[in-house]
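Let's start with one chain on its own, the form predicted on its own, as C-alpha cells.
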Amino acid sequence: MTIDAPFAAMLPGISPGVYGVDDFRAISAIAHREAGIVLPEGKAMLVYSRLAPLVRTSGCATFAAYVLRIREDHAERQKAICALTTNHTFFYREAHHFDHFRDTVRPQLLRRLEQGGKVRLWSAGCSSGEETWSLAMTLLGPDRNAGLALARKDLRILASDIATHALTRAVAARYSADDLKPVPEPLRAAWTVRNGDTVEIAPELRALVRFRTLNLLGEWPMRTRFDVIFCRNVMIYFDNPTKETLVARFAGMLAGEGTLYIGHSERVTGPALDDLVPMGPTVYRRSARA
C-alpha cells in the first residue's frame, strides 16, 4: 500500500494499514465509473467515515479487502455507492424554480389536462422526496378541490434516485413540521396532514408519484418523454464530460418544448446548447427545432 505524508495528514488517528491513498483512489475510481461521482483527495475523510461502517459489517479487516469485495460483489458495491452519495435537500429549495413553474409552465400543463391530454414530470435525483413533493404541491395548487380534479386526469410524476435509503424516506412521505416551513402555507394546508410535530404528505398527492431506483449514468427504461424535468444539485458531483452527456440525454427526454430545471451552480454546456433555450436562471426550454 502506498503511503504519502500529505494524504496521511488528512486522516488523523487512522492507521495507514487500514485505509490509505491506494484504497481511496480505488474507491474514487469505482464511484466515478459507477455513478459519475468525482472524489478529489480532499474527500478522503468523508470516504472513510461513510464507508467504515460497511467495511466493519462486511467482515473485512481493511479497506483494501473491502475494495476487493465491492469489485466482485454488485450488491455490496451498490451499498457503497449509496453511502457515498450526498442527499442534502429541503422543501422549496431554490424557490424561484417553483415560482417559474407555477407562473409559466403550470398554466400550459393545466390546459392540456383539461383538454384530455397527458402530463408527465420527472424529479431526477429526488433524494428523500422534498423536491418531488414541492413540485407536486405546486402543480396541484392551493385549491384542494381543483387539485383533486386535476389528480384524476392523466397526470404522473416519476421520482428517481440512486440512493435506496433516501428513496425509503421519500416513499414514507413523513417529515418534521419544521421541514415544511419553506412551503407556502396554502399548499401545506391543502396537501399535508399534521400530527403533532410530524407532517405527512396527503395520500392523494402520493398517488401521483412513482419512486424508482435509477442510476442516471445507466440505462433509462422510460419509454415516455417528459414535459418537465427537475435535476438540481446532482451534477455538481460530476466531471464536465459526464455533465454534458447527461444534460444532452435530458434534452432528448423532453417532450415538445418541455422545461429543464437544474441547480443554481450548474450550467448547460456542450451538445445540449443546440437543443435548449435559456428561459431564466438555470431554467431551459427544449428548442422547437430540436
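Model, not experiment: these values are computed from the prediction. Sequential numbering from 1, following the sequence displayed.
Another form exists, predicted together with a small molecule; not displayed. Remarks below refer to it.
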Go through N87, Q78, T192, T104 and name the one with a heavy atom inside 4.5 Å of the small molecule in the predicted complex. N87
Among V183, L139, V199, I162, just one has a heavy atom within 4.5 Å of the small molecule in the predicted complex, namely I162
My question is simply whether R188 lines the interface with the small molecule in the predicted complex - judged by any non-hydrogen atom within 4.5 Å. no
Does any heavy atom of F226 come within 4.5 Å of a heavy atom of the small molecule in the predicted complex? no
Please run the contact check for A151 against the small molecule in the predicted complex: heavy atoms, 4.5 angstroms, yes or no? no
Wondering, does N215 line up within 4.5 Å of the small molecule in the predicted complex on heavy atoms? yes
In contact with the small molecule in the predicted complex (heavy atoms, 4.5 Å), from 143-151, 67-75, 172-180, 126-134, is stretch 126-134
